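The data below hold one chain only, encoded as structure tokens and taken in the form predicted on its own.
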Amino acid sequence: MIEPNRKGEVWLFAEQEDGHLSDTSLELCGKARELADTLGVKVGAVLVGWNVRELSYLLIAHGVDNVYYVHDTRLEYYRTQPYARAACQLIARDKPQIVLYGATPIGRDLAPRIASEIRAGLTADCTDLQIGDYTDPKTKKEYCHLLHQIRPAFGGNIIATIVNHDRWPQMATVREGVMRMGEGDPSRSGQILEEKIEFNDFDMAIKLIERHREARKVNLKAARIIVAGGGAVGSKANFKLIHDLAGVLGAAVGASRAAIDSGFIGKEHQVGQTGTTVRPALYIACGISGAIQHRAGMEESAKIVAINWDKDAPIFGVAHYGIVGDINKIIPMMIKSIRERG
């Protein structure tokens, strides 16, 4: 069995905007802690920005041991090249064995640039990460303590496990919401290491003139109740039933990929492996058959109610309560009953 030749830390890129850490970064803290404990190493976080040192304490509370804080007035807002320069210099110096990024717009922009610069592999949109062994089918060499990077492939029809035994560090971007965010322990202690990075003119070639940010229209991850519709809803006009039920419950509106592909509702409402992973207190699945890709994004909901005309639909396998019938009849009855009780 061949041991990896690096014993570096497990790192994550701590993504922040306007002084607020992304939820994905805090979710990654817990997973990085789990991986590091398995490997017997420390957890590091790269925090880049200006006047955001206080965020280090939140990272430490969520499991980070060493925060590598790169601060410069020119880093106040995200720009690819200077942020990549900072990360690349730190990776080259400290040689972490794993580096994780959120599969956010920033993470998807930054991680490939870093991977290209340091000639490392990168697995995108992972839904799980584990430490395990690997046997090369050609050489029959056995490797231990490698990062198993697990993600959907071929449109979500299979789950692939990707390993990298000869290019370091092992790097992956991780889907938002697939890792549980811990509560955090304010009593944890850790180090804040202030870093100085030398930038060149090329790094600062792009100038930020104006910023325009559009607020997120739907926040499925934060919703306590979600009413989701599937392809069996039948039409965009008929999807009003889903909105009406969500309205009386004070719920967010979700959808399966079939409903999105049919144009019933926008992609920002998609739940599943290729959408958002959610864990609400109540998830009502209306006209959703329950393909494995959808179930993977909602099966950890506290309570699941499924409405479908097909009694053999896979969604009933994860539902706590199932109603077999026509959603066009059942949903109006539910709305009427809720309003009468309200």
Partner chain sequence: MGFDTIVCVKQVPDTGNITGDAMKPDGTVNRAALPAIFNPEDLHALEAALDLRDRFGGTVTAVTMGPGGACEVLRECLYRGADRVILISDRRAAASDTLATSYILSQAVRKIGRYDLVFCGRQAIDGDTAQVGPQMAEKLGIPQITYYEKLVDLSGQTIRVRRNVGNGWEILEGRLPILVTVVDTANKPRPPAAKRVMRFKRARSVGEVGGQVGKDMPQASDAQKQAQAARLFEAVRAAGMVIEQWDLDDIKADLTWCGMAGSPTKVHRVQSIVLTKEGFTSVPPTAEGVAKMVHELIVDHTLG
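Residue numbers count along the first chain shown, from 1. As the structure is a prediction and not an experimental result, all values here were calculated from the model. Just so we're on the same page, rigid core means the largest C-alpha set that superposes within 1.5 Å between forms.
This protein has a second form, the form predicted in complex with its partner chain, left out of what is shown; the following refers to that one.
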{"query": "Contact flag, G182 vs its partner chain in the model of the complex, heavy atom cut 4.5 Å", "finding": "no"}
{"query": "Heavy atom of A246 within 4.5 Å of its partner chain in the model of the complex", "finding": "no"}
{"query": "Heavy atom of G234 within 4.5 Å of its partner chain in the model of the complex", "finding": "no"}
{"query": "Proximity of E194 to its partner chain in the model of the complex, heavy atoms at 4.5 Å", "finding": "no"}
{"query": "Triple contact flag R119, F154 and R167 to its partner chain in the model of the complex, non-hydrogen atom at 4.5 angstroms", "finding": "yes"}
{"query": "Heavy atom contact within 4.5 Å of its partner chain in the model of the complex, the stretch among 92 to 100, 184 to 192, 217 to 225, 235 to 243", "finding": "217 to 225"}
{"query": "Contacts with its partner chain in the model of the complex, stretch 178 to 212 (heavy atom within 4.5 Å)", "finding": "F202, A205, I206, K207, L208, I209, E210, R211, H212"}
{"query": "Exceeds or equals 2 Å, Cα of A313 between the shown form and the other one, core fit", "finding": "yes"}
{"query": "Core-aligned C-alpha movement of E117 between the shown form and the other one reaching 2 Å", "finding": "no"}
{"query": "Cα displacement of I106 between the shown form and the other one reaching 2 Å, rigid core superposed", "finding": "no"}
